[in-house]
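Next up is one chain by itself, shown in structure tokens, the form predicted on its own.
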């Protein structure tokens, strides 16, 4: 087996090796209950990474996801007393709208995706700051439990947020592998010029990818808000870098066309195990971002398809 064929197996091999290493540091880590709890703790970040996967799958990037999630925590908190459970629908539609705007700016105005999403993320941040008055907000516990109580707690010992994340993974997997949209996104990521030549409505599908990312970011923000019973324009701060790392170390390169949501599930677990190992090693939270930055550079260097990027600017 040559290196290129072995590359596709790197993510799960990395996950197994890291899990065994952390298990050697603390045998309790390998207990089923602990692993389920670990997966539950990473669920919100994983949902955000799921959405980002669709954008990276087509060779783009979404830097607005964290800001959209932050904004959603604020919108969910202030709209809950007015709309009840419908506040969740409002938040998800708002995230979808922000994602679609990013896609529109990228495709129709020809602005690179990292600039377009950075700008849209800035708008989302401002909306969250304005709506919250730049302060932390708190949900009424009774209203939260009535509208979103099913999102928290456990079912048969499994955290409900993990069940939601698995359900979203299955939906995303169906979209990626069993629908025209998924096949079109793969074609765009594999070769956009060829996709255009074949008659695909490339701009339309690219806008869909960004809209999906915005929607999943909003769902992540809603989960976070319900779990912590409140909202803040900085509540999900620090999620963007690990979410992108989860996508890339899972095996979906920035050049797109390969990988997908199952790879991101593996990548998210790698991030979770790495976070746990850093806790055991007593590495402070500020230094964790440095580590993820290094991992991000390494992941891009190892997975990027250089045949699609002969010149780097």
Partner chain sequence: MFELQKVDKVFPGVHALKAVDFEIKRGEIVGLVGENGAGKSTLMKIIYGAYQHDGGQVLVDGKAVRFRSPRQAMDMGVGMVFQEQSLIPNLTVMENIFLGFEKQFVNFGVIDWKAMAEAARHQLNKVKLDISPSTTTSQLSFAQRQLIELAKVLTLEERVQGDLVILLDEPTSVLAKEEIELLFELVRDLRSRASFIFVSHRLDEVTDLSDRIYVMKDGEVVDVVNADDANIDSIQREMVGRNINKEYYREEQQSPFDTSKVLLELDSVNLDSRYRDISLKLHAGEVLCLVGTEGSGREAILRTIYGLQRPDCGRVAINGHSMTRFSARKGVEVGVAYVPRERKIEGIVAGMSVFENMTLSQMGNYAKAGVLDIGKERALAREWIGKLSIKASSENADCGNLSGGNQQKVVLAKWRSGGSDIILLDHPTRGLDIGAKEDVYVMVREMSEAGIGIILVADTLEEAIGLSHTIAVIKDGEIQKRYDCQPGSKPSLYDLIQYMI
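All of these numbers come straight from a predicted model, not from anything done at the bench. Positions refer to the first chain, counted from 1.
In what follows, reference is made to the form predicted together with the partner chain, a form of this protein that is not presented.
With the partner chain left out here, work out from 188-196, 155-163, 73-81, 138-146 which stretch has heavy atoms within 4.5 Å of it in the model of the complex.
-> Comparing against the partner chain in the model of the complex, the contact stretch is 188-196.
Heavy atom within 4.5 Å of the partner chain in the model of the complex - residue from 169, 184, 228, 87 | By the 4.5 Å criterion, the partner-contacting residue is 184.
Given that the partner chain is left out here, which of 96, 208, 200, 151 has a heavy atom within 4.5 Å of it in the model of the complex?
-> Here the answer is residue option 200.
Quick one: which residues from 150-185 get a non-hydrogen atom within 4.5 Å of the partner chain in the model of the complex?
-> If the 4.5 Å heavy-atom criterion is applied to the partner chain in the model of the complex, 150-185 yields 174, 177, 178, 179, 180, 183, 184.
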